[in-house]
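This document starts with one chain, in the form predicted on its own, laid out as structure tokens.
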Amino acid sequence: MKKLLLSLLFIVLFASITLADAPFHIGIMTGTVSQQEDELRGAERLIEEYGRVSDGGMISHVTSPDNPDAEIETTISQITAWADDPLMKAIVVQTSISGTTEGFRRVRELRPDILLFAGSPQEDPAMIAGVADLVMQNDNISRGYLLILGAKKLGADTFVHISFPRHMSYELLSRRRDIMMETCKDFGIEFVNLGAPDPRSDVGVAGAQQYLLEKVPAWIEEYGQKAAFFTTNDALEEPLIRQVATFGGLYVEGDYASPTMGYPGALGVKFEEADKGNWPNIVKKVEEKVIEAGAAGRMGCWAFSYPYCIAAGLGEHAKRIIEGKSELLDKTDIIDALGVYSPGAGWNASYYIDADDVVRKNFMLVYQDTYIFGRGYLNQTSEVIPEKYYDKNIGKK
């Protein structure tokens, strides 16, 4: 009798564990700590909330290869493997590196019921949009206008754009520069285009950074304290931030507008293990250093890392769709999901228009409000951007 009772107890316990298991799974692929720590923290946030599949939870997380162009087959096989899980209902890839499109195509053939989300695609936009259910990318077109508007709000009379030929050969970056030039003209702000060494050239990252350390003080002296500075390269943000904080001028936000990009190295910000993924804590520590440097009210960023929000936000959006709580391409639903991981920060979204003027409603361009240290948000997401700045021929007429 005792054995029978124990057996029944085991059955009841086993049944309760089974019933507690997640009813469906979501696969998340992100970069590694060394390559894309912010987006990995976004996946960890989802695991913290919804559990790991191996423990009966909802989230299955893998990291992409550190050298994606040389390991495309690895990326493809990692994505495709999720199709073997009968409970898999959505796959999110952030950043969508080489091989994502083909991985999605194979999953689509095997399991057309699985939702496929691509964040920050690095492959041809038309190709990834043709196979994914939803694509999401940083809206650098709108930011061409908003960066200048932000500079104006900070009192800028000059906007200094720092780049190099390789970046200006990229259509999106050169188009953003043209929008910046046009906006400056309309706002009565002087636009200055300056060159810097490419960190991929013979001088390397160290040489390119040293160039800015030496040049920026002279540029601030030449263009004045009301000059706003911007660079298209992540590696150049640290020396630019350091010198603007020290010598003056304005810095609205970086190309990669995260508080963890440039600021920690430039201002000596130290983070603890508990700070990782805790954006209010991160912003507070950076803000303290900015104020300490005497740069309050003239330097900013996005208060929540973009890749963190996209990784976690797309996962949340997928979950809500599967549960019947959100619509796939509803902008409000998408912004609500992003907002879960960026409380207090505004977002905006628009549709991508490709080279053939086709509006792709499954390809969302998004941006977050600008946060100025020592001042607060600029309310950029409530601004209406005039249609003229979306003209692909702007600056070429």
Partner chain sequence: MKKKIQNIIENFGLPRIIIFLFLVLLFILTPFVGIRFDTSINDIIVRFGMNGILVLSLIPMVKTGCGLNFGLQLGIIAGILGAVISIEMEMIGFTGFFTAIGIAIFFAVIFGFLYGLLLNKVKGDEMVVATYVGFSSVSFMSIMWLMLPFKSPNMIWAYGGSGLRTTINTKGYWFHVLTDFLKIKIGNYIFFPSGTILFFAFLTFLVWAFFKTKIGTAMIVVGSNTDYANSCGINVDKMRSISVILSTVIAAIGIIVYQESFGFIQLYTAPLFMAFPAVAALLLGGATVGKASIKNVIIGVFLFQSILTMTPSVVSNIIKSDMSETIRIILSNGMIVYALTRITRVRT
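Positions refer to the first chain, counted from 1. In this text the structure is predicted, and so the values were computed from the model without any measurement.
Below, we turn to the form predicted together with the partner chain, even though it does not appear here.
- Although the partner is absent from the chain shown here, none of 256, 321 and 382 has a heavy atom within 4.5 Å of the partner chain in the model of the complex.
- Between the options 250, 160, 310, 266, the residue in contact with the partner chain in the model of the complex by a heavy atom within 4.5 angstroms is 266.
- Contact with the partner chain in the model of the complex, defined as a heavy atom within 4.5 Å, holds for exactly one of 153, 89, 215, 226, namely 215.
- With the partner omitted here, the stretch from 323 to 331, 142 to 150, 294 to 302, 191 to 199 that lies within 4.5 Å of the partner chain by heavy atoms in the model of the complex is 191 to 199.
- Shown alone here, residue 33 lies within 4.5 Å of the partner chain in the model of the complex, counting heavy atoms only.
- Under a 4.5 angstroms non-hydrogen atom cutoff, the partner chain in the model of the complex has residue 260 among its neighbouring residues.
- Residue contact with the partner chain in the model of the complex: residue 221 places a heavy atom within 4.5 Å of it.
- The closest non-hydrogen atom of residue 187 lies beyond 4.5 Å of the partner chain in the model of the complex.
- Scanning 164 to 186 for heavy atoms within 4.5 Å of the partner chain in the model of the complex gives 164, 165, 168, 177 in sequence order.
- Inter-residue distance, residue 93 to residue 276 (Cα): increased by at least 3 Å in the model of the complex versus the depicted form.
- Relative to the displayed conformation, the Cα-Cα distance from residue 170 to residue 128 shrinks by 3 Å or more in the model of the complex.
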